[in-house]
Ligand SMILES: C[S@@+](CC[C@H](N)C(=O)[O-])C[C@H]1O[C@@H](n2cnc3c(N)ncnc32)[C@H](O)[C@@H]1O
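One chain follows as structure tokens, the form predicted on its own.
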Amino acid sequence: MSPSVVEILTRTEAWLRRRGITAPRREAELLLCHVLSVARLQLYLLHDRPMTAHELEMLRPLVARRGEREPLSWILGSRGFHAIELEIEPGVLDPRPDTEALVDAALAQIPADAQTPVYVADIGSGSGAVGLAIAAARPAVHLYAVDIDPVALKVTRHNTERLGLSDRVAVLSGDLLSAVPDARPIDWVVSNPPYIPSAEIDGLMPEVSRHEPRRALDGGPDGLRIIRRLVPQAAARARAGILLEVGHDQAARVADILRRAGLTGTETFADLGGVQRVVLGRSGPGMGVPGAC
């Protein structure tokens, strides 16, 4: 007789726990829901139902991949982020809850009832998570989603189409702000740049160190290499200001980089864990290059 859903759920949870997964029950549920095409609440209505041979064949390689510490969102093909659902695939950074602090900080600067366009450049868009979450929440936002990686650009384009935002989002390939034509206006630059010091990457959790794209993680010897390149470009063009996600001990140093670039009114914003995760700098009088609307 085939094992029941609850038996497979219990076995999967135990197997994932032995392999160091920190939330094995939740992840076992999500993997089973994916195979059975049901919501988590429905899963508990199916506890006594025998699993078919086909379902078990579908589940085994997915569980094995997670046991190798491949990011769960890559296996499931999607990730909930802020108020949107993103499709995710291997080769793009798995959006993390900490990064929602960057979205929240940006939304606090853009009125929900803004009547005129607000131009936002998301530099290093990855899956599109940050910029698309901002655009989805603020109808006045027109977004430039910029990345240099072909996989990231493909995923961002797909997510833009799925979310019905193609009329307000331009997906651009290029290095930092060079991808946005000089004639185009930018109000806010937002970025979750690579900020992990090179020497620390191999010591991170296996999902990151073994699987995620190093280009999206590696910020050079002190983690600030890309930030030092981006800030002067952004300061020269952003009419309102810059918002950056930073590492757990980088906020003060990044705020200093912003001030040295001529930005004012620097602020920091904490993530849910209390870490100062986001740094804001405002453009001073006469800064920024107003482009054609």
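In this text, residue numbers run from 1 along the sequence as written. Only a predicted model underlies this, so the values are computations on that prediction, with no experimental measurement involved.
Beyond the structure shown, there is the form predicted together with the named molecule, which is absent from this document and is the topic of what follows.
Asker: Using a 4.5 Å heavy atom cut-off, indicate which stretch of 67-75, 181-189, 113-121, 209-217 touches the named molecule in the predicted bound form.
Answerer: Answer to the contact question: 209-217.
Asker: Using a 4.5 Å cut on heavy atoms, which of 93, 133, 171, 106 is close to the named molecule in the predicted bound form?
Answerer: Residue within 4.5 Å of the partner: 93.
Asker: At 4.5 Å by heavy atoms, is each residue in 241, 243 and 268 next to the named molecule in the predicted bound form?
Answerer: Verified in the predicted bound form; spot residues all out of contact, no.
Asker: Residue-level question: is residue 226 within 4.5 Å of the named molecule in the predicted bound form, judged on heavy atoms?
Answerer: Heavy-atom contact with the named molecule at 4.5 Å: present for residue 226.
Asker: State yes or no: in the predicted bound form, is some non-hydrogen atom of residue 129 no more than 4.5 angstroms from a non-hydrogen atom of the named molecule?
Answerer: Looking in the predicted bound form, residue contacts with the named molecule include residue 129, since a heavy atom lies within 4.5 Å.
Asker: Residue 200 near the named molecule in the predicted bound form, any heavy atom under 4.5 Å?
Answerer: The answer is no: residue 200 has no heavy atom within 4.5 Å of the named molecule.
Asker: Report whether the minimum heavy atom distance between residue 176 and the named molecule in the predicted bound form is within 4.5 Å.
Answerer: Residue 176 belongs to the contact set for the named molecule.
Asker: Using a 4.5 Å cut-off on any heavy atom, which residues of 101-116 would contact the named molecule in the predicted bound form?
Answerer: The stretch 101-116, when checked against the named molecule in the predicted bound form, contributes no residue at the 4.5 Å heavy-atom cut-off.
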